[in-house]
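First, one chain by itself: the form predicted on its own, in structure tokens.
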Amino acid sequence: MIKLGIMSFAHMHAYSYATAIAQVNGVELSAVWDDDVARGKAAAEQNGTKLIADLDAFLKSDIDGVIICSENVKHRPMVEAAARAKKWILCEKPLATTIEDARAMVELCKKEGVGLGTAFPCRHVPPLVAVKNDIADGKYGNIYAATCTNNGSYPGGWFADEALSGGGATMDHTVHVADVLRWMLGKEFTHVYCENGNLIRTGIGTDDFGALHLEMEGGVKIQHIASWNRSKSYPTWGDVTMEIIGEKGVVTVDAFNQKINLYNDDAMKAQWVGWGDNSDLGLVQDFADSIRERRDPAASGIDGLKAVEVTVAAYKSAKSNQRVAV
């Protein structure tokens, strides 16, 4: 039995990961720690496990690995504490808010001999896996360009506090697409031009919209929209979409289109109910397998670092109004 602990329920994804853990054979949520004790206690009770309020005691317990879902700026100290305790680590994205922090996390985990993964569940979405395999098989020939979106609902709370989040929608919703493109194409990003700001909400502490023009090795051109533009009445949290242009054809993929329409009189709005695969299950299964096999998770700390490099370059570009090298 692989025993996992969750460090912090500050990020809403922690609740989804806890649910996924309960559905994966041979894996259990053994303990919870949270610097907000009341939140941690409630989450532990909700998921049928125990809260260990003392961090040292939590990390000295018999858990094999931890999933870190804190505010973005707290990722580094939590990763470092878990690494020194010799625990395998899956860290919520973005891995860090600065390149320096992300690189330090990767280096320490390597020094301590523990696996470090970044929570990129899109790698476990079947339509994206299918497109990746088709590209690798040469179905579309050389890839020339792609247009991508990652639009979502405004999460509020600490996400709009730059001191805790490190950035807004540009950071929150660029890392997924950046990682998917690196994973699909096997190429690195070379340049970023970004314009961002507050097009939807005023008075929040971060950007809620980013328009990015990126270039990858070999001159592949990428257009990407990252936003918190979904209204409260929108059927679901958001999307990940791609149109990829190759020499032999074009492929369009809507990553989360396995859904049915529900017209809910209780909620008084239309809703989308997913019927397909749960990418968080794949993420947790891979993390458990990485512990058993003593390897990095599929999306490693290095992958997290590379995505951070893109977002840092995007914010530099937005500030300077210049194209920035990654």
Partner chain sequence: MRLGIIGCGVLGKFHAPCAVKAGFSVVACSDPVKENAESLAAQYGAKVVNDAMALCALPDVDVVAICTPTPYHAAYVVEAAKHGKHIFCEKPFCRTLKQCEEALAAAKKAGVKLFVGHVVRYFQEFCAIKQQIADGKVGKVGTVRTYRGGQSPLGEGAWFRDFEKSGGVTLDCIIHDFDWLRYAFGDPERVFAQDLRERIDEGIDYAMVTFRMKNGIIATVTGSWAHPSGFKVLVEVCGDNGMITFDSREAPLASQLRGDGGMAPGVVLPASPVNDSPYYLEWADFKGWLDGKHEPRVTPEDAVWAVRMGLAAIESAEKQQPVTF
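Owing to the predicted nature of the structure, the values given are computational and were not obtained by experimental measurement. Positions refer to the first chain, counted from 1.
Here the subject shifts to the form predicted together with its partner chain, a form of this protein not shown in this document.
Stretch-level contact check against its partner chain in the predicted complex with heavy atoms at 4.5 Å: of 206-214, 82-90, 124-132, 97-105, the positive one is 206-214. In the predicted complex, its partner chain stays beyond 4.5 Å of every heavy atom belonging to N150.
Using a 4.5 Å cutoff between non-hydrogen atoms, Y234 counts as a contact of its partner chain in the predicted complex. In the predicted complex, no heavy atom of R182 sits within 4.5 Å of its partner chain. Shown alone here, I200 lies within 4.5 Å of its partner chain in the predicted complex, counting heavy atoms only.
Counting a residue when any of its non-hydrogen atoms is within 4.5 Å of its partner chain in the predicted complex, the hits in 215-237 run E215, K221, I222, Q223, I225, N229, R230, S231, Y234.
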